[in-house]
Ligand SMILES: Nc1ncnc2c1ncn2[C@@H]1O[C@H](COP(=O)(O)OP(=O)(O)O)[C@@H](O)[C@H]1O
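Given next, in structure tokens, is a single chain: the form predicted on its own.
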Amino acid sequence: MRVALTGTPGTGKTAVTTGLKKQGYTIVSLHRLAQKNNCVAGIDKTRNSQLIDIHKLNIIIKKNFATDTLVFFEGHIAHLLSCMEKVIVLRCHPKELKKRLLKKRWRMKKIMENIEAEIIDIILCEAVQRHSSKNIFEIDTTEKSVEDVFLCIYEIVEKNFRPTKTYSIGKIDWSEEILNKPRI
């Protein structure tokens, strides 16, 4: 089973996948996979980030990763891949997200862009456009340790990705934060 582990930068994807890997789960960094397979289509100079050819990456994943084994594909673009069978979206309250991105020494403009994306549910909205809502799970990482988030994912896996009220989409709403968003 191909599982997208996605979320706005700073929500905990990389930290959680480190824990998942230690527990024996197969983790694929989409950024590295894209680089290794010539799926970088260019550079967005404004954002200082690579543009990934999602269509080409989708083909490579379908060709190289069977669906009979559980594989987590980590990256903030994972939900854009139609070959994903399940999607786990990590979420984080904008105030905490700002702290996390400041700790990573991100530029304020980039931090604000990501906070805004989190406030208006960009990743969740994009996931819902491409995948059935019963195949999407949401985890609020704001006040959870990496271990706690790992346990949430483990619970989802153990329940064979059956829909659950605990992790169903639509419960997390930061929209009121748009009124509190500081200007750059």
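Values in this document were obtained by computation on a predicted structure and should not be read as measured data. Position 1 is the first residue in the sequence shown; the rest follow in order.
Another form exists, predicted in complex with the named molecule; not displayed. Remarks below refer to it.
Contact annotation for Lys56: none of its heavy atoms lies within 4.5 Å of the named molecule in the predicted bound form. The named molecule in the predicted bound form comes within 4.5 Å of a heavy atom belonging to Val146. With a 4.5 Å cutoff on heavy atoms, Lys104 counts as touching the named molecule in the predicted bound form. Under a 4.5 angstroms non-hydrogen atom cutoff, the named molecule in the predicted bound form lacks Glu113 among its neighbouring residues. Contact annotation for the candidate site: Pro94, Asp121 and Lys171 all lie away from the named molecule in the predicted bound form (no heavy atom within 4.5 Å).
The stretch in contact with the named molecule in the predicted bound form, judged by heavy atoms within 4.5 Å, is 146-154, chosen from 31-39, 44-52, 62-70, 146-154. Residues Thr8, Pro9, Gly10, Thr11, Gly12, Lys13, Thr14, Ala15 are the ones in 1-28 with at least one heavy atom within 4.5 Å of the named molecule in the predicted bound form, listed in sequence order.
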